[in-house]
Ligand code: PLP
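What follows is a single chain, given as structure tokens, in the form predicted on its own.
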């Protein structure tokens, strides 16, 4: 009998699981073997081998992630950056160009700005909220349009519908980094994106204990990316696969709590009268609030804000917090706070950061699973101390 799996929480738990269960194990076992017996495969890439991303642990994850995002196929890799680099190198060749959102995660921006020119790949940055400006970036060699669902760290929401329409009208591959939204809040394939990318280190894993990446989408594109991945070698080890698999099963309950807690905290901070600016897509003052409300099932667990006193005030505020840990990364069960200028975007030259609106005093908060009342008390005390 076919299992009913309309709800995303059911899919997170049951999709892709071995059927029948392996030796009756309810949890997916860890296949800690680099090598598997030859089964008559006629293609090297069909051999079962860790580096080829096709062990039983990989296969179960691939099936689950594809079903969760309503996509055709998926691939897990060693990190979010491995997913980004492998995807773009698989889909572009020397002389090709891509159009990319101008405010991206710092590692992605650095890759495109500094590494890609060395191998003959070009990038044209655009305002992802201004579709009228996009045609100016088109060239005969443009192959990809790349955006983020919710931008890091300013929480802007690109015109995602226009991005898909523009990409397909011009024969481009539409790619979105869906890390900040997660599949709970946005499923890119349902909106026409060809591929979505995740840092599985963040919400998918959810416990700050692994580094992983994923790319999800069209089966023909995933097959191309997987062949490139086998050559570049950024495979995910079986134990990390197990932890990512386990983390996915609680993604729904975690993200929904973080959605609500972050909205409550953003409203508290915005109403405090102590901050120069609060960036959160769920606030009525956010420039893309209406778009976010139409596209997303929740506004996410990330927000950023600035105190009037700049860097000194930001450092003092962070020093007075007792619950959020001052650390990079995001999406875990514990709240994390950081200044992007010193962590995620430290590789961007200051003038580029400022042009993008990322001031040195900007604070980014990843809301965890602590009691929201305790977080409000802690944040309020830190504000009062500054």
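All figures in this text were calculated on a predicted structure; none of them were measured in a lab. Positions refer to the first chain, counted from 1.
The form predicted in complex with this ligand exists for this protein as well; it is not shown, and the discussion that follows is about that form.
- Though this ligand is absent from this view, in the predicted complex it lies within 4.5 Å of a heavy atom of just one residue from 299, 193, 180, 145, which is 180.
- This chain is drawn without this ligand; in the predicted complex, the residue among 109, 156, 245, 202 with a heavy atom within 4.5 Å of it is 202.
- When contacts are defined as a non-hydrogen atom within 4.5 Å, all of 81, 212 and 330 contact this ligand in the predicted complex.
- With this ligand left out of view, the stretch that reaches within 4.5 Å of it through heavy atoms in the predicted complex is, among 275 to 283, 88 to 96, 204 to 212, 128 to 136, 204 to 212.
- At the 4.5 Å threshold, heavy atoms of residue 105 reach this ligand in the predicted complex.
- Though the partner is left out of this view, residue 152 does reach within 4.5 Å of this ligand in the predicted complex, counting heavy atoms only.
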